[in-house]
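Only one chain comes next, encoded as structure tokens, the form predicted alone.
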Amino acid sequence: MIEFFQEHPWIIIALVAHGAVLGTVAYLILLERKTASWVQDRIGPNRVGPWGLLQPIADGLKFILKEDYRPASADKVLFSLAPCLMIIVIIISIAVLPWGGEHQVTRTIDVTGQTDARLAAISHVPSVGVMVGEPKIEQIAATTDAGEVMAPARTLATVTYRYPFQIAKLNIGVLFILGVLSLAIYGVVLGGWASNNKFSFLGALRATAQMVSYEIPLGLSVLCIVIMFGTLDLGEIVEKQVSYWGHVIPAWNVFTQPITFLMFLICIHAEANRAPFDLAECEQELVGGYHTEYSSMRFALFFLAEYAGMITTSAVCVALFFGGWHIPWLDKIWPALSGGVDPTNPSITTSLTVCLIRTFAFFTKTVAIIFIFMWVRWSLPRFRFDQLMMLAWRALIPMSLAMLMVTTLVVYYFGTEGNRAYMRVGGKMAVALMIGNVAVLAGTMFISKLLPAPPETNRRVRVIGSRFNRTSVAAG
């Protein structure tokens, strides 16, 4: 059994990662309610278990025991398929998240009796692993003190390989996540349409328009980072950020691309249908939006998919802008955190403990981004739908195009810089990118003054016979 998991480490990583994500989803709901209570100067849930820690279990039992209602006019198949599709898409999307770098392992394997010892040794390398060098083959014979051979010689093979501390290593990991997460909109549309409810369907249409609008600046923001490093592999993007400027400042992309980070953060709020972009489910206008007709566990799946999507998008944000698993300054005190195996690739380490510590650091950063989601929800009012569209098409999309042009020019002119040999961002390039961000921000503020004002959609409308029109007020 142990040998099986040594040859298939991704199975353990998959079980732990999915278990941790799904378990965290339940407690994110508790964190959401606690954050709301802090903002509103309340105590929050504190009755079920010590400090309210068993509240998620009580909520889960409530969902399971509630009546599973379905409208008579709803599409029976699509009505149940919609929430399942959303949660499946979110679960699949975490497969390429780089939790803890790469783990290098050296194993000695008994290949006695094998016709080809080399092939027998290579067969023990995991399918997700990469072999380092060639297997070392040696024969060992048991002898007596007089030198007589007591048993047939044994053939041992020593093989060294590396495997990523993630479920699946794809060289198009960023594209995979963006593509898979975009499929979640199908669950929203199916849920709204299958409910046979005009409010639900209107919420689904809003979500569709919102996705079409905010996928553009989201993709362009990611493309800025891809151009900087020349790869779509999330693991490589994280590894390229594990360095310092001036031996002090972490070479994280949030310092070189702050405008891109803010646009990405806004877009993932809109993609997750989180306030202030929750127009697809706003209670004041659409009762409950696309999931109005849902109850019991089908509603719970929609609810859980929203929080699981927050985890995935926050983890991608950490990988793209906050160095992923990199723990700044602590790796100077404990050099093992920087690998030490390959000076050109600090993600490689021979310590499983280091991989676990890195994973914890990655997860902690992800929870910090999720807290921003919750902080924003209970701090900012909801946009009107026309304001939502205007923000995307008049602000975010032009700014993301400008940032893409600036990033391309900086990479072109600093492509011969010394640190670019390993596709890292050097000090000069970082300063140039920061200046480009400031220039884009200043240009946006200047041009916004020259653009014509948007249509006044919130103007007063005279209603004949109303006691609230201006004439009546003036007469009164």
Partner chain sequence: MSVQNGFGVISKKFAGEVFRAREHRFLQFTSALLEYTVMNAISLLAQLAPAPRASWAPVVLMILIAIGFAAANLVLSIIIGPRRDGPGKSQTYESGMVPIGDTRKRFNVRFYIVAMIFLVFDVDIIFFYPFCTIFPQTVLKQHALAGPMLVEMILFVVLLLVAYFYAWGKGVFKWD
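This structure is a prediction, so every number in the text was calculated from the model and none was measured. Numbering follows the first chain given and starts at 1.
Not on display, but discussed next: the form predicted in complex with its partner chain.
task: Can you check 243-251, 259-267, 104-112, 207-215 and let me know which stretch has heavy atoms within 4.5 Å of its partner chain in the model of the complex?
output: Only one stretch passes the 4.5 Å heavy-atom test: 207-215.
query: Given that its partner chain is left out here, which of Gln139, Thr364, Thr353, Ser73 has a heavy atom within 4.5 Å of it in the model of the complex?
result: Checking each option against its partner chain in the model of the complex, the one that comes within 4.5 Å is Ser73.
query: What is the one choice in Phe176, Phe373, Tyr307, Phe255 with a heavy atom within 4.5 Å of its partner chain in the model of the complex?
result: When its partner chain is considered in the model of the complex, the option within 4.5 Å is Phe176.
query: Taking the shortest heavy atom distance, is Phe360 within 4.5 Å of its partner chain in the model of the complex?
result: No, no contact at 4.5 Å.
- prompt: Contact between Ile29 and its partner chain in the model of the complex at 4.5 Å, heavy atoms?
  reply: It does not: once its partner chain is placed as it appears in the model of the complex, Ile29 has no heavy atom within 4.5 Å of it.
query: Going by a heavy atom distance of 4.5 Å, is Arg394 a contact of its partner chain in the model of the complex?
result: It does: once its partner chain is placed as it appears in the model of the complex, Arg394 has a heavy atom within 4.5 Å of it.
query: Does the 4.5 Å heavy atom contact test between Ser338 and its partner chain in the model of the complex come out positive?
result: Taking the distances in the model of the complex, the answer for Ser338 is no, it never comes within 4.5 Å of its partner chain.
message: At 4.5 Å, heavy atom to heavy atom, what parts of 223-249 sit next to its partner chain in the model of the complex? List them in sequence order, or say none.
response: Read in sequence order, the residues that approach its partner chain (within 4.5 Å, in the model of the complex) are Leu223, Val226, Ile227, Phe229, Gly230, Thr231, Leu232.
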